[in-house]
Structures are given as C-alpha cells and as structure tokens.
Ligand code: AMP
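The chain below stands alone and is given as structure tokens, in the form predicted alone.
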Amino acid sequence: MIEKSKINEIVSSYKKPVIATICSHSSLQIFHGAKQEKLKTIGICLQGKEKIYDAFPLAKPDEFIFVDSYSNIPVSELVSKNAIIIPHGSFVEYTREKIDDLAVPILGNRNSLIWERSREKMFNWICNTGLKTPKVYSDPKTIDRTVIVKFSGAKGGAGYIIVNSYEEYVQKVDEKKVMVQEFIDGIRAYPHYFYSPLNKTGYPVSNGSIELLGVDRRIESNADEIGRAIYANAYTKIGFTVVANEPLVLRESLLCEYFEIGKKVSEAADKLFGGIPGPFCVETIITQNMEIYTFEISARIVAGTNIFANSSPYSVFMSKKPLSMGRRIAIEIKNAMKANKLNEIVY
C-alpha cells in the first residue's frame, strides 16, 4: 500500500485540481458535475468509447487519455495534470489490487476500497456498526435456510446464486471466495451518502457531517421480472445482475433511522481504517415489519446516483442550486482546495 504521506506530497504540489475517472459506470454524472463547478475533467478511455461522450456534450470530459486496458492507469500523466481520481464501481473492478499502490490522489480513503473488495472485511465493518444484519454462514455445511451466495468484487450482482441447503450449494457453487448470506425478504433500499470532514451543516457525525443525496432500488436482470416468467411457464435460472436503477422516496419516518445508519457506517470506518470521506452507499432491506437489515457497503459513488443527475428529492432540501452526487464531489474538491485541505479528502 502506498503511504498516505506520499499522496499528501503529490497533492500538495497541485495548483488547480482536475477531476479524472474511467469512462464507465457513473462517469457522465461525474464529468457533468465537475463542469457545473468549472473544474477541468479527464476521461480515461478505450479507443472508440469516446463516441458515447460525443453524444452527451454537457458531460463530455475536456480531455481523453486513451488506454489499451482500464487496468493500466497512466499515473505519471495524471499527476502531471493535477488529477484527482474519482473511484466508481467499474474503476474498482478493473483496477482491483492495483488501487493499493496507485501513485495518484484518489478522492476518499483507498483503505475503504480494500475493505469493500474483501467480503470478510466488509462484514467485519458492518458488524462494527452494531446494525442489524443478515446471518452469514462461514461454513456452508451449516446452511439451514434460504441463502444467497455472493462473489467478491464490484460485479453488480453478476453470478449470485440462491440455494436452500448445503447439498444444493455443492451442486451450484464451484468458487471458494464467496459470502453465504441469509436471504431476507423485503424491499431493497440503497441510500446515497456523502461524508464531509469540512462541512458541519449536515447530519452530525464525528469530525464532520453526512448528507443524504438520494435513494434508489436496483433492477436486477430477471429477478425483478420473474413473476412474468413463472406465469408464462417459462421459468429460467434467476439472475441478479444489475441492469438499471429506479428512484425511491422513503417515508419520512424512516429518515432518522437512515441517517443513523450512515452515521454508524461512517464512524465505524473512522475506527477501523481512518474514515470514508466522500460518497458511499449502504445496501439495505426493509422487511414487512419495518426492520432494516444492512447487508453491504459500497465505499464510493454508486450507479444509482445516476438517477439524480440534476437533483434529488433530498438534495433540494439542502441546496438552492441543482445538486447531483457528481456536483457534490466537485464542490468538496473546490472547498478543500480553497481551505488548503485536499489532504483531508484524498488518499
């Protein structure tokens, strides 16, 4: 792992930060938000993919850096251009362990991406929050109810498997690095948080505040349409690959609980690995008895924020100007630069 002091040294030389990210996942929103705040942008792109951004000129990066693989990040060129990388799901998946030693400032705490990457570390993180969680089976032989088998990495639910017994597990699962988690029946809700050590006007947490910018629900391949297949007697293997997102507005009585969830996740991050500045998402299920279970954490911007590329039902209560997560990121970088505190929000 690259030392934080090295990243501090790099970012201390920056005169005017530039926002950079891989051209995928939520990059349109990230570039658009940066442009709204008059920050320059760099898109790390595969040849030919730039056509997508030509079609969306208000979200087109100011400059493309072309690579032959997203796992090969042009470190020296980015640093020479004063770039701060905004990590997202595709970035985490393509670069994987290379993130650890990448000598470019990354918004947030790259330690949190390591904790997201490991199912064991993530579950430890969740356990340290004190929140209600589904049961996790360290030994598949003890499976005694319906479970969902999850694979490591930011794969958007691809490959997840439902099993009801150890025998079925043996038949269907051939990977060793998996998490076996109790299947909870309920409504999935994914709140989008932003933790700032600089802003004190949001929901108070230790050393800063969190903001709730939106909530979404994910549409997962045929899992959300399985009823049609069953009705048509055309049932196929259920799939959980995320293909889209749709907005949710929580009943107002749940907001206090959800702010507390964000607070507990943030403060557990402080204790375990030094905090989680910037965007993050806590993945939850609300049961019919109104119990909230936390089952995963995404330690960076999530694709569900793309629903709110201009503003959300929550951001309108915080900001007089339209506020997406992409724009909130740009505002934080600008404020940190003005206060000479970029080192507090990057690693």
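In case it trips you up, residue 1 is the first one in the sequence shown, and so on. Quick caveat, the model's predicted, so the values are computed rather than measured.
Although not depicted, the form predicted in complex with the ligand is the subject of the following passage.
Practice prompt. Could you work out which of Leu198, Ile184, Ile143, Val173 is the residue within 4.5 angstroms of the ligand in the predicted bound form, going by heavy atoms?
Written response: When the ligand is considered in the predicted bound form, the option within 4.5 Å is Ile184.
Worksheet item: Among the candidate residues Leu28, Val67, Ile285, Ile52, which is the single one with a non-hydrogen atom no more than 4.5 Å from the ligand in the predicted bound form?
Response: Comparing distances to the ligand in the predicted bound form, the residue within 4.5 Å is Ile285.
Fill in: Which of 44-52, 31-39, 302-310, 288-296 sits within 4.5 Å of the ligand in the predicted bound form, heavy atom basis
Answer to the contact question: 288-296.
Worksheet item: Ile148 near the ligand in the predicted bound form, any heavy atom under 4.5 Å?
Response: Yes, Ile148 sits close enough to the ligand in the predicted bound form that at least one of its heavy atoms falls within 4.5 Å.
Discussion item. Just checking whether Arg117 would be counted as a contact of the ligand in the predicted bound form - the rule being heavy atoms within 4.5 angstroms.
Written reply: So Arg117 does not count as contacting the ligand.
Worksheet entry | Contact of Pro74 with the ligand in the predicted bound form (heavy atom, 4.5 Å) | No, Pro74 is distant from the partner.
Discussion item. Can you tell me whether Phe240 touches the ligand? I mean in the predicted bound form, with a 4.5 angstroms heavy atom cut-off.
Written reply: Output for Phe240 is yes: heavy atoms within 4.5 Å of the ligand.
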